[in-house]
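Single chain ahead, written as structure tokens, the form predicted alone.
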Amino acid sequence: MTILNPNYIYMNKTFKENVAVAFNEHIQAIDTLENLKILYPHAQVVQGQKNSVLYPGFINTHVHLEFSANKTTLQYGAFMPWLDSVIENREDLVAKCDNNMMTQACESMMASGITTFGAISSFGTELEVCEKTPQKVIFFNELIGSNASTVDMLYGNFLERLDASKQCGNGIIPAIAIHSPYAVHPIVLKHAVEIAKNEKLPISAHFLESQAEREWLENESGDFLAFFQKFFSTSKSVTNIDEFMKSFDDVPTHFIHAVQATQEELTYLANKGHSIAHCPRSNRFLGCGRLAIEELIKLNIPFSIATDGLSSNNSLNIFDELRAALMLHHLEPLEALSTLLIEGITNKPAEIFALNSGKIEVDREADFALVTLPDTPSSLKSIALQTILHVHTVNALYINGEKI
């Protein structure tokens, strides 16, 4: 048994003082240090540094580890030039991204407090790394393939990768990712959604990331037209926005980006119980626009904050992502927005994926991120903001009660 005694603990969207946590693999009790010492006289007591803050372990719902080799190779600024550069450099980047590089990516996430992440796997190459990392991994096997002549082969490969992830240990949660409306044939999409529904697997889908995607799905025009003519010899989209959304009516889905979704489409997602992953830096780097989270708030759509991968970001540090979101969403009151962002990497993703983490409460898994502020905060309600502004790495990380 361990008793951890910080200055402040984040609980129920607020911060508490003079409270400590007793835990083994799960949280056993939350009380004053004095009471916990009486209750657990043989427990190891860990005292936080001055101005220390204890958070639930952070959850990063959307990461592409397989492209961690990218630094300056891919082109930023607009979505289609970026996509063209991915196609051109994909094989080289994937070849350079060995297990050591992906392990370093996992370690960089742990340095910023990420105890659980969603790995979007196109090829299955990171499965071994995800099995070995101390972190918990929602392993999203990605389905891609819109060409009728190759879709059966690609679907078979997807099933093989999904089965491989099911054979892994307790740290891996097998899951399904749908690449996007423009890159997955409706027939195999239907099959994959049925698997997610019947086996109760988490499912995510890239959705309306760019204006080019919207133009293609609505009118079969715009920048995607030349792309599909060049690479797939077609001028026809395999689906449209409405058909794609309705494919997920029976299974709660974590839609990625949704930057170009209209209020009507967001309302539809809300009514069907879906959620959204917001990747602010990736959206900015690829010129996709700003996700209007004020609309998500009005519609009560749960959303997570995620880094995306290093193919469209310059770090996997979740504090970097929170600072970007803080500056991007200028319409929201600063302290209230800070709490929403912290919720977006703790409680909200835990609720979205039914994880027994994301909160500091009895019987939850003992996943913690312990940080230290540079000075005493002026008020309890400012701690979330001050954490986002001033913290870059954690002082200590616990996963299932073990200090990492």
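Residue indices: 1-based, along the sequence shown. This structure is a prediction, so every number in the text was calculated from the model and none was measured.
The protein also exists as the form predicted in complex with a small molecule; that form is not presented, and the subsequent description refers to it.
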property	result
Triplet Phe244, Phe248 and Tyr268 all within 4.5 Å of the small molecule in the predicted bound form via a heavy atom	no
Per-stretch contact check against the small molecule in the predicted bound form, the hit in 130 to 138, 328 to 336, 226 to 234, 108 to 116 (non-hydrogen atom, 4.5 angstroms)	226 to 234
4.5 Å heavy atom contact, Ile144 to the small molecule in the predicted bound form	yes
Proximity of Tyr182 to the small molecule in the predicted bound form, heavy atoms at 4.5 Å	yes
